[in-house]
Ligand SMILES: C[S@@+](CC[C@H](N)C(=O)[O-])C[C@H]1O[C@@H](n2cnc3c(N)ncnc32)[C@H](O)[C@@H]1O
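Heads up, the chain below is alone and in the form predicted alone; it's given as structure tokens.
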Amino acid sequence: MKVSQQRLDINLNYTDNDFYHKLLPKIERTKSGDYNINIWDIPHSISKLSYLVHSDYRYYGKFPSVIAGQILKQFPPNDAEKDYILDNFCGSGTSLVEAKLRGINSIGLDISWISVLVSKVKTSSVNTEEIEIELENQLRYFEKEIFPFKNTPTDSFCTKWFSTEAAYGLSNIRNYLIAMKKGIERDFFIVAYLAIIRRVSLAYDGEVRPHINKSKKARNVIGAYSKKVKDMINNHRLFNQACPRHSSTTVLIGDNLNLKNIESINDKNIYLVISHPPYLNSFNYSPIYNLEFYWGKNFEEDYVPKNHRSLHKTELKAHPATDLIQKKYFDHLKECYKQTFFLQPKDGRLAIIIGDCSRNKKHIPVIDNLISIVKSIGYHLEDLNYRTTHYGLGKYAYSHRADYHGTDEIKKDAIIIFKK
């Protein structure tokens, strides 16, 4: 079955609090039996799916917002006060944002302090008027150039990736933010700061793995920072209007192989897990964000307990998909979902967003392997949803590397629904 690669141009009215329902996938059932097989068609552009706070921070490898939206639509909580969803690879908080929009309690877990901070800010109710006033104060400060620290880094890493002017601007913003009073307002500005680092570096904006772009035009750091903050203010103002106020969101730094010992997760009724592991043979996350980790190092101790300072370096390796890495990859996921199985009540759902891959032109059936693994734990396969990837045909997309249209393709991308 082939699905035409066509985008839909929907005019969205962001004053309608439930506008995001218009973007949910078009679903076609192709088979029923012991489990259902469906096609989820997502014919919208990246920009359309990056509504509200989803566009706060560019996170490589994220999945379309409406996938989480569709899962939450299919599996709403029975008890709005007591039921929680868990995202055990929360990344930049896509599932958490969609839960917040629907007034559903959520918990996110990630090993990266940057991911946790971004997710926390995206799902927080912030006073946008106070943010605007603080931005004006900052810009007046920067215009006067009365910086307390004139020195900029001169190490080989910095000089490789940043011009002297960019390093100077980033240093001055960082020094200002270090001195700010701790709280959600400071967190907001730190996320904006981290969000512009790739943009003002010498690296390509659109490539996942940083590479030097010799023809890249220089960007004014203060200008880029100011624009990002203003964009985020607008995002959050609309987000505040769209969100019910009664739901709870908690974002934690932690290891998804250790869920049993995390009390703030263990004592909740996790009726639904939405899980988006790294795709095998795609990339490893820590090297992708080495520029952000470099400039964010001074903030790390504010957000990371000492025993978790190097936790992001223990990430699940997905690239390259050698025999050894494949074994470790599937072993990790098996233990990971043993943990969720232990936590969840009877009839709890597990939704895994995952795709097949290839290495040296050889197909690796990740979806089928993962289904076998998760079923061996005790989960029952309920729905197998193959999805299209039209959303990735725009700028910075690699359509020839992500052709997952329909059930007749060898390499597929899926949302697998299991029931305990």
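Position 1 is the first residue in the sequence shown; the rest follow in order. Predicted model only: the values in this text are computed from it and were never measured.
Below: the form predicted together with the named molecule, not depicted.
J.: Considering the named molecule in the predicted complex, find the one stretch among 40 to 48, 60 to 68, 27 to 35, 358 to 366 with heavy atoms no farther than 4.5 Å from it.
T.: In the other structure, the partner sits against 60 to 68.
J.: What is the one choice in L291, A321, I111, V229 with a heavy atom within 4.5 Å of the named molecule in the predicted complex?
T.: If I apply the 4.5 Å criterion carefully, the residue I get is I111.
J.: Just one of P77, P278, G169, G348 has a heavy atom within 4.5 angstroms of the named molecule in the predicted complex, so which one?
T.: Checking each option against the named molecule in the predicted complex, the one that comes within 4.5 Å is P278.
J.: Is the gap between S106 and the named molecule in the predicted complex 4.5 Å or less for some heavy atom pair?
T.: No, S106 stays farther than 4.5 Å from the named molecule in the predicted complex.
J.: Though only this chain appears here, would T314 touch the named molecule in the predicted complex if you measure heavy atom gaps against 4.5 Å?
T.: Judged by the heavy-atom cut-off of 4.5 Å, T314 is in contact with the named molecule in the predicted complex.
J.: Should Y193 be classed as touching the named molecule in the predicted complex when contacts are defined as heavy atoms within 4.5 Å?
T.: Judged by the heavy-atom cut-off of 4.5 Å, Y193 is well away from the named molecule in the predicted complex.
J.: Are any of the heavy atoms in N88 no more than 4.5 Å from a heavy atom of the named molecule in the predicted complex?
T.: It does: once the named molecule is placed as it appears in the predicted complex, N88 has a heavy atom within 4.5 Å of it.
J.: Scan 251 to 290 and write down, in order along the chain, each residue with a heavy atom lying within 4.5 Å of the named molecule in the predicted complex.
T.: G254, D255, N256, H276, P277, P278, Y285, in sequence order.
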